[in-house]
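A single chain comes next, written as structure tokens; it is the form predicted alone.
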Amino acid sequence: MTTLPHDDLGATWRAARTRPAGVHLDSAACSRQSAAVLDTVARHARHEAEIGGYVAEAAADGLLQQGRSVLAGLVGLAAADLAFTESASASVRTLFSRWRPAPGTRVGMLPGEYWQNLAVLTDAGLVPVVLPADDAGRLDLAAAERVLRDDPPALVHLTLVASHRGVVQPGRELAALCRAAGVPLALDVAQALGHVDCDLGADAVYGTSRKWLAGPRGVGFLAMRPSVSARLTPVVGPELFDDGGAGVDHARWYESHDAHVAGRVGLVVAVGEHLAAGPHRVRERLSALGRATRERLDGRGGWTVAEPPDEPTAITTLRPPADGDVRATVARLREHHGIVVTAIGRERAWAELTGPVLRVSPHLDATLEELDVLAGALAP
């Protein structure tokens, strides 16, 4: 059976947070923020009340800029390339609404693309070009190379780790293929940043605060190379500024100025905690937690694991037994056992899911004993 490395990470993560009222195995939905993040958000909100919101924001500018630099570095880009947004969903809407490609423009994507991303693309009149994947939902690189060589789309969009299946896509290899074909690659890292390596050479990357980085809700980011932002049209253009916007980083044109700044400050603190823990060590422990989860849960009560056993993520999805009701099971686990997990509906990936699945996503502080409790609850 799998053992967990880096027990110090689990202890540190646990000690930094309020004790949960049960067993929290739902980090792919929303992680638990540390006391330091919560205190930082509250402190900034109090500062706004004391001196005014925009004055408090100006006072936090140095910290926010440092956060842009560190956050962008995690995805292989620079501080000037990153804009804070309100969520990953807001980021993808900004990216495609301000790109404004002609209706009928073709965009490469996987069959299991997240439904909200697909909705944004189709709403913009874009045409999906489905890139082949294997039975696990992983991109077929050889087939993708042929598409990019013979009939390339204008853009490729890839969700690095999906919300409905804990499989890591070959983002680095796809980025190399896209670069060779002269096709930009956009990565959705909402379920990946703070979880798996996201410095892969993509041209645009977006994500959220509330999942594996364990920052506040209501905060996200959009990072893009200058070659991408040059294709976009800001809502507010430089012509509205006396100096023509001189000195304003190109990505900052896409930041909301009526924003939850306290949440942005909290995200910066959460990213600092992630770096202090050591991203490589974090990835190793989360990967081991995923293996341990699959070992304990596969076959329990007739539930079957969808992911390969050694998939390097902490996300495990379970297909129900023939008479199983996923949503009722999630409610029972919460009400009778104090276990928090998520029911994933088929709507998240119509082309890949045949029905609802149960998602388990422990963070660093999860224990093998807690996973055993879940296993027992699935097979009473």
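Each residue number is its position in the shown sequence, starting from 1. These numbers were taken from a predicted model, which means no experiment stands behind them.
Same protein, other form: the form predicted together with another copy of the chain, not shown, and the subject of what follows.
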message: When the contact criterion is heavy atoms within 4.5 Å, does residue 303 count as touching another copy of the chain in the predicted complex?
response: no
message: Taking any heavy atom pair closer than or equal to 4.5 Å as contact, tell me whether residue 115 reaches another copy of the chain in the predicted complex.
response: yes
- prompt: Does residue 285 reach another copy of the chain in the predicted complex if we count a contact as any heavy atom within 4.5 Å?
  reply: no
- request: Tell me, yes or no, whether residue 257 is in contact with another copy of the chain in the predicted complex, where a contact means a heavy atom of each within 4.5 Å.
  value: yes
- request: Just give me the single entry in 183, 120, 147, 228 that has a non-hydrogen atom within 4.5 angstroms of another copy of the chain in the predicted complex.
  value: 120
task: Have a look at 45, 333, 353, 60 for me and say which one sits with a heavy atom within 4.5 Å of another copy of the chain in the predicted complex.
output: 45
- prompt: For the chain seen here without its partner, which of 136-144, 68-76, 154-162, 85-93 has a heavy atom within 4.5 Å of another copy of the chain in the predicted complex?
  reply: 85-93
- line: Across 34-60, the residues having a non-hydrogen atom within 4.5 Å of another copy of the chain in the predicted complex turn out to be 38, 42, 45, 46, 48, 49, 50, 51, 52, 53, 54, 55, 57
